[in-house]
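Only one chain is shown below, in structure tokens, and it's the form predicted on its own.
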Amino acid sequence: MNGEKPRLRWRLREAGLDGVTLLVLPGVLFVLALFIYPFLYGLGLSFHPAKGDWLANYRRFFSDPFLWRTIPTTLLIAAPVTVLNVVLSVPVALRVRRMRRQRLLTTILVIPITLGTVMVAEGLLTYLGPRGWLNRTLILFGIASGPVHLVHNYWGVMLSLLISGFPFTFLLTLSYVTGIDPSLEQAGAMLGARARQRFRHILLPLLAPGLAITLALAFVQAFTVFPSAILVGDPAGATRVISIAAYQAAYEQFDYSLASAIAMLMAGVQVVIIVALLGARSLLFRGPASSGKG
């Protein structure tokens, strides 16, 4: 038996199957079973409509304003909240990394993730609703003559995504910020650079690749908004996002082929935005070697 083990290992190495490759196989099988197969199944289902040829679902989507307008509506919600979350996370992360009680503050800022989107939306209805604490306080002190409408509209969804999405972007940004060597910023200070100059010429170029990844991930999270758009938004009007259209096609119209087509378009828009972000990162922030060749 002792003589067979080296032979087996040698054969596996000759076939390109070392120990690391074997450890990766369970993860690959997991991705294939839960992501690749459902995607391919949905893609194939989208080309088999109940009526018409294989492109009937896509023609129906782009010919119906009630359907195709969900794309700009979703972008109008996802893009601003993504940028705002990332912009707010940078100064907060820069401040938190210098604090002694970093773990305590980080835990407090991450609490909204543990609550979930539905609980955050319910909390917004309690605090910001027409009879919520905020409106009662404003009316009591004479600041407002009537309730301020902050829910069941565009702003309600924006606030919900801001609260639930900020901890995610903050954690990613904090990981990038803490990975920067503090001696680089100290060297800039010794050379007379002010705080803004150090941020612009030292920290920002080092953070840019990570911020591009954070923007992409935060955008995907915001683009797939569903509970917030229904609970604190206007699902039949201003916040009728593309995920609601897919849900209605699948579970109200029972047209799973159309729902799959909408889901494929949803994924396509996200891929286009992510590719654009990563492409802009590579064009705007090139390494010293690539910039020297140009």
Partner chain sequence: MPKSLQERLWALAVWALVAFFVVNLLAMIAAVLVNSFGTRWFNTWLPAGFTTQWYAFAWNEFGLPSILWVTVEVVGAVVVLSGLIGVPTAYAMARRSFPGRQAVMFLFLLPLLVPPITYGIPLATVLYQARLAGTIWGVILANLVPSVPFVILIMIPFVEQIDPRVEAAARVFGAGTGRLFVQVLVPLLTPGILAALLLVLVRTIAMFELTFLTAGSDSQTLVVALYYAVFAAGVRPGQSIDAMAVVYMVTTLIWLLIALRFVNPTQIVTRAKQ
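What you are looking at is a predicted structure, and each value in this text was computed from that prediction instead of being measured. Residue numbers count along the first chain shown, from 1. Basically, rigid core = biggest C-alpha set you can superpose within 1.5 Å across the two forms.
Same protein, other form: the form predicted in complex with its partner chain, not shown, and the subject of what follows.
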Check whether Pro227 has any heavy atom within 4.5 Å of a heavy atom of its partner chain in the model of the complex, and answer yes or no. yes
I'd like to know if His149 sits close to its partner chain in the model of the complex, meaning any non-hydrogen atom pair within 4.5 angstroms. no
Answer with yes or no whether Pro49 is in contact with its partner chain in the model of the complex, where contact means some heavy atom within 4.5 Å. no
Partner proximity in the model of the complex: Phe168 to its partner chain, non-hydrogen atom cutoff 4.5 Å: yes
Quick one: of Leu207, Ile77, Val86, Leu124, which gets a non-hydrogen atom within 4.5 angstroms of its partner chain in the model of the complex? Leu124
In the model of the complex, the residue from Phe66, Phe35, Trp54, Phe62 that sits within 4.5 Å of its partner chain by heavy atoms: Phe35
Relative to its partner chain in the model of the complex, which residues of 119-137 have a heavy atom no more than 4.5 Å away? Met119, Val120, Glu122, Gly123, Leu124, Leu125, Thr126, Tyr127, Arg131, Trp133, Leu134, Arg136, Thr137
Rigid core superposition, Phe30 Cα moves 2 angstroms or more between the shown form and the other one: yes
Direction of Cα pair change Thr169-Phe30 in the model of the complex, magnitude 3 angstroms or more: farther
